[in-house]
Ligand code: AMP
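Heads up, the chain below is alone and in the form predicted on its own; it's given as structure tokens.
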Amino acid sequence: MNILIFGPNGSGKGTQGTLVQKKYQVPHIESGAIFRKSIAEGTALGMKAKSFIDRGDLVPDDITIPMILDRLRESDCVKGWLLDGFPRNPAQAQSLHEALRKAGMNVDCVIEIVLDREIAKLRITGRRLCVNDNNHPNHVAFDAIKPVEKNGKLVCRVCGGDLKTRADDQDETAINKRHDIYYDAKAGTMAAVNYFKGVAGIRILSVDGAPSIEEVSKSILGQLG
């Protein structure tokens, strides 16, 4: 099964993606990880991408999409994949969709985690990242995933590892900038989701992201079947 997953920062998209990955035994592929891997390996596309990144520019789609396709052709994607973090706008959505079709691949399902913008912001400011695994959920505001205290400090509730915060998680301006991109239904990520809603043959799973991790997961996995 080939899946695209969408959700605003703070929606628990990474956590839910990991749960889907484990159930269906498909790789959870994050666009940022593709860049880092290609650059570290010194691939031709990676070096082209690096030249843009080093200048602080966005990597053009004609570099990004071939990098994604190369990753989706790897052997661990034979049974399917879960792509996270791309596309971010309708033009990218259309380009990716067309490139996948030319490569003989289809998008079977789009998972959209729907969450009110203000709730998403609150979730971001309270989340803590485990230094061992970013997908270990920790949040100071939610009892179900609250970090545990050890020797006078809060540590990861899953593995006991140290916790950190992303600087931009505490920066309201940065949060608003990220959310401006996601919630823009005309030129942003929500517009990319809407593009796929208009494509025949693609299942759209729109799931309320407000309940607990367990409830959201149950809804997603139940609909996927």
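In this text, all values refer to a predicted model and were calculated from it rather than measured experimentally. In case it trips you up, residue 1 is the first one in the sequence shown, and so on. Basically, rigid core = biggest C-alpha set you can superpose within 1.5 Å across the two forms.
Missing here is the form predicted together with ligand AMP; even so, the following discussion is about that form.
- Proximity to ligand AMP in the model of the complex, defined as a heavy atom within 4.5 Å, singles out one entry of 36, 197, 186, 164, which is 36.
- Interface residue among 125, 135, 92, 132 relative to ligand AMP in the model of the complex, by the heavy atom within 4.5 Å criterion: 92.
- Heavy atoms within 4.5 Å of ligand AMP in the model of the complex are found in one stretch of 115-123, 82-90, 136-144, 95-103, which is 82-90.
- For the chain shown alone, residue 168 is a contact residue for ligand AMP in the model of the complex, at least one non-hydrogen atom being within 4.5 angstroms.
- Proximity of residue 31 to ligand AMP in the model of the complex: non-hydrogen atoms within 4.5 Å are present.
- Among residues of the shown chain, residue 178 is one whose heavy atoms approach ligand AMP to within 4.5 Å in the model of the complex.
- Among heavy atoms of residue 158, none comes within 4.5 Å of ligand AMP in the model of the complex.
- Along 192-225, a non-hydrogen atom within 4.5 Å of ligand AMP in the model of the complex is carried by no residue at all.
- Core-superposed comparison between the shown form and the other one: the C-alpha position of residue 31 differs by no less than 2 Å.
- Residue 45: CA moves 2 Å or more between the shown form and the other one after rigid-core fitting.
- Between the C-alpha atoms of residue 63 and residue 105, a gap widened by no less than 3 Å is obtained in the model of the complex, as opposed to the form on display.
- Note on residue 58 and residue 189: their C-alpha atoms are nearer in the model of the complex, a change of at least 3 Å from this conformation.
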